[in-house]
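As structure tokens, one chain now follows by itself in the form predicted on its own.
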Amino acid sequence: MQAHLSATDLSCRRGERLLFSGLQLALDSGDALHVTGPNGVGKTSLIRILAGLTRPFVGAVERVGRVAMLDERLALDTDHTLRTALQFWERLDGVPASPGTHAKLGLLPLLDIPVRYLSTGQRKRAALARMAAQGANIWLLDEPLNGLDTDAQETVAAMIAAHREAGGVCVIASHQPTGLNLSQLALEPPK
């Protein structure tokens, strides 16, 4: 798996407020970056810019490889069972289910439960399984550990490590430590 993600002179503005400016990053196969900073500094905005969902105020992003993003919008239909909700994405992504990933994330006993009855952590684990199944080279994770218990956090850390070992790139925006040895980028409000 070959992957590359870079940003050159990136700036983000929301309304009249400049969140960050002059940001540079370059990640290649196997690299990962942990983006930290106070609330409202632009971590989520950076993830959305890197994914191509939001345009930067200034600067450019270059991506080589498919991108998968996980944020607070978990995109699972709450009116369906977890199995049906995941199958929808499998058909759309053209990727078959991964029973191994479902088992690793503790989803097998939950597959016949409507998504609306799942806890925050269970929904997050399901969204992680869906993201992992996409086969994307670049993972963009916004607060991936929120709502997860210790065991699930360790599983996610292992998934990220395996993704990197396979040549993937990962950017994690989080207040929480990841338990992984990652490069750090601390966003600061402009002065």
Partner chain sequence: MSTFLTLLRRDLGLLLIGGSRGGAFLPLVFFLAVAMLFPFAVGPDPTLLARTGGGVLWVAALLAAILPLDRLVKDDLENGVFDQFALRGVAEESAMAARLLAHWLAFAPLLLLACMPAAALLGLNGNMLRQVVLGLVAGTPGLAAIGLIVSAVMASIRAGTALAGLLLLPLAAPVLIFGAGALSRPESAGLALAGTVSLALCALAPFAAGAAIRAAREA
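What you are looking at is a predicted structure, and each value in this text was computed from that prediction instead of being measured. Numbering follows the first chain given and starts at 1.
From this point on, the text means the form predicted in complex with the partner chain, which you will not see here.
Partner-facing stretch of 158 to 166, 62 to 70, 30 to 38, 145 to 153, counted where any non-hydrogen atom is within 4.5 angstroms of the partner chain in the predicted complex
Residues of 62 to 70 come within 4.5 Å of the partner.
Should residue 112 be counted as a contact of the partner chain in the predicted complex, where contact means heavy atoms within 4.5 Å?
Taking the distances in the predicted complex, the answer for residue 112 is no, it never comes within 4.5 Å of the partner chain.
Interface membership of residue 44, the partner chain in the predicted complex, 4.5 Å heavy atom rule:
No.
Using a 4.5 Å heavy atom cut-off, state whether residue 108 contacts the partner chain in the predicted complex.
Close contact is absent here: in the predicted complex, residue 108 is far from the partner chain, nothing within 4.5 Å, heavy atoms only.
Residue-level question: is residue 75 within 4.5 Å of the partner chain in the predicted complex, judged on heavy atoms?
Residue 75: contacts the partner chain in the predicted complex.
The partner chain in the predicted complex - contacting residues of 129 to 153, heavy atom within 4.5 Å
Read in sequence order, the residues that approach the partner chain (within 4.5 Å, in the predicted complex) are 130, 134.
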